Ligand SMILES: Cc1cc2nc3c(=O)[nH]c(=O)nc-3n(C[C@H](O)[C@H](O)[C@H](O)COP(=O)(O)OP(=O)(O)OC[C@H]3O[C@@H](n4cnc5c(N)ncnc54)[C@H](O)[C@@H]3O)c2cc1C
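In the form predicted on its own, a lone chain appears below as structure tokens.
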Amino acid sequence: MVALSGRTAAADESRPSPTAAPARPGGFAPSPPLAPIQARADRIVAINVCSRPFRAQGPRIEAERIGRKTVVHNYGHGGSGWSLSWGSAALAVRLAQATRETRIAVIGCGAIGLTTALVAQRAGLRVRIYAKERPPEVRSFNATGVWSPDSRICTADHSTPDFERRWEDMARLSFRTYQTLLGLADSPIEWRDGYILSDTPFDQPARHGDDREPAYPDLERRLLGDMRWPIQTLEPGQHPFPVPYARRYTQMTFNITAYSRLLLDDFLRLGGEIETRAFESPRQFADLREKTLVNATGYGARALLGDETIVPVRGQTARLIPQAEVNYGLVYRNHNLNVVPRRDGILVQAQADGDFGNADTTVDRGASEAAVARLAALFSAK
């Protein structure tokens, strides 16, 4: 298996392939070979399905009066909930602070609810979370776990200059916060290298697509180099995979098991309270003692508020038994296959036509086993 280095794209392009010459005496040792992923169906330890809450208009972050309560909405982040959570929380908390209440309630205990609660606590507010579920039962616990701030965040026709500036502010604030969580115990946040693989040239479209999916804006163009993953095109001799085209990238990943526990522990340590409670109608908000509420119910807002602007996007992932030696991700674009090397297992996601607008959360084990089989083929001999 060919060794791959972790040097920058500029350094790699100015030097020969790792197989061209041995390391010089006194020079740097060659990078170790990539450890193969043991991709077998009998190593699947969990399969999860969730519905991403997509809104064509983008996340709903605004305040309204419902009865005698001020309700600040913070939901509808599509596939960008974890990535934008700190930035959207800051916007929601500013709206909550405008009411001058010192105690607020947060409805929901997922990615958005927990980060909103923490941002409010850091602003000096007392916070109680009301939620039917908490991690690991919440939907966002089943997310892929990668930095993807523009994943199904809005449609192209709703991407106005004002929206794009707001999105960039959320992305930058979130990104800065994540950099403060690097190096902690249990590695809640990490940077990982990965490889984009393709059977066809990258300037040709991949052979898949869902006609029901809308067009999405290219928001990454607004991000400078400090937040955009560096990508390097590799020659056949520079990677070990049995495909003709490959690129290497670097991406931030979230170890959601450890990260969720960190958020929950921090919230409770700062004096936060959690009350188990289900809401079927906003009329029930009147029963809460707090006068200012933040609605962070995610996909649940569709039923709770009758918000038909929320479109479910089905996502199924499988986790393989963890391999500490596997420290790289994979994207196989021709097969819509995505692999994330998390500490709680190697996550394998295969998106499928028909996921958009699909609220079915029934596990399809056959689909995950087929995805693992496609992954296994990448580690066969060339």
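In case it trips you up, residue 1 is the first one in the sequence shown, and so on. These numbers were taken from a predicted model, which means no experiment stands behind them.
The form predicted in complex with the named molecule exists for this protein as well; it is not shown, and the discussion that follows is about that form.
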- Message: Within 4.5 Å of the named molecule in the model of the complex - does that hold for a heavy atom of every one of R192, P242 and A376?
- Response: no
- Report the residue, out of E133, D307, D266, E273, that has at least one non-hydrogen atom within 4.5 angstroms of the named molecule in the model of the complex. E133
- Between the options A278, L182, A98, A156, which residue brings a heavy atom to within 4.5 Å of the named molecule in the model of the complex? A278
- Message: Quick check for you: of 134-142, 229-237, 88-96, 214-222, which stretch puts a non-hydrogen atom within 4.5 Å of the named molecule in the model of the complex?
- Response: 134-142
- Taking the shortest heavy atom distance, is S148 within 4.5 Å of the named molecule in the model of the complex? yes
- Heavy atoms within 4.5 Å of the named molecule in the model of the complex: does A117 have any? no
- Query: So in the model of the complex, does W167 come within 4.5 Å of the named molecule, heavy atom to heavy atom?
  - Reply: no
- Message: Since only the chain is shown here, I'm wondering whether G315 would be in contact with the named molecule in the model of the complex (any heavy atom pair within 4.5 Å).
- Response: yes
- Query: Heavy atom within 4.5 Å of the named molecule in the model of the complex: which residues of 76-98 qualify?
  - Reply: H77, G78, G79, S80, G81, W82, S83
